[in-house]
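Listed next as structure tokens is one chain, alone, in the form predicted on its own.
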Amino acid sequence: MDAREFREGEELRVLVKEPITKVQLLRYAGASGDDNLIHVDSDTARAVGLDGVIAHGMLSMGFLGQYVASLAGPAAVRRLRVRFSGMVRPGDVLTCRGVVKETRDGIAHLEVWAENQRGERVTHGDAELLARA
């Protein structure tokens, strides 16, 4: 889809990610240099008062980046800002959603978010897609 084809107020198609796995957690922890065991080891997580492992925020932020890139099509992602805002756990199914906030001068301004299977927003952000000449 070209950025000129987005309509203000339009809800964007959704992208559902498979349940988060320990393999993904280990891969993202390694890629981000995160050696905090509460992200990959249940015993360590419980020792600090958590009821289990929590996923690194980079995982859901990465999913949201993939979502925006999939929406861009022939458009170019001009800007993407994402923020981790909630707990993500192994087994969570993340659904990426979005809405077109504004279109002006060949730029589509999007509000995007990832939510878990309980409908809680765990990552949110905004993006600008620029029409290609």
Partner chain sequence: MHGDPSVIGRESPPTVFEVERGAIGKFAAAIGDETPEYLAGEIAPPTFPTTFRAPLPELALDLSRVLHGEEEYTYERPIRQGDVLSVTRRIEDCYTRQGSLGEMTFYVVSAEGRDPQGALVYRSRTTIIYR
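Positions refer to the first chain, counted from 1. Keep in mind the model is a prediction, meaning the values are calculated, not measured.
Absent from the display: the form predicted in complex with the partner chain. The rest refers to it.
Q: Is it the case in the model of the complex that G98, L110 and A114 each bring at least one heavy atom within 4.5 Å of the partner chain?
A: Heavy-atom distance to the partner chain in the model of the complex: none of the three under 4.5 Å.
Q: Give a yes/no on whether G62 approaches the partner chain to within 4.5 Å in the model of the complex, heavy atoms considered.
A: Yes.
Q: Is K22 a contact residue for the partner chain in the model of the complex, using a 4.5 Å heavy atom cut-off?
A: Outside the cut-off, so no.
Q: Any of the heavy atoms of P74 lying within 4.5 Å of the partner chain in the model of the complex?
A: Yes.
Q: Would S42 count as touching the partner chain in the model of the complex under a 4.5 Å heavy atom rule?
A: Close contact is absent here: in the model of the complex, S42 is far from the partner chain, nothing within 4.5 Å, heavy atoms only.
Q: Pull the contact list for 74-106: residues with a heavy atom within 4.5 Å of the partner chain in the model of the complex, in sequence order.
A: Read in sequence order, the residues that approach the partner chain (within 4.5 Å, in the model of the complex) are P74, A75, V77, R78, R79, L80, R81, V82, R83, F84.
Q: Closer or farther: how do the Cα atoms of A108 and A75 compare in the model of the complex relative to this form, given a change of at least 3 Å?
A: Farther apart in the model of the complex, by 3 Å or more.
Q: Classify the change in Cα distance between P74 and Y67 in the model of the complex as closer or farther, relative to the shown form (magnitude of 3 Å or more).
A: Distance between the C-alphas of P74 and Y67: shorter in the model of the complex, by 3 Å or more.
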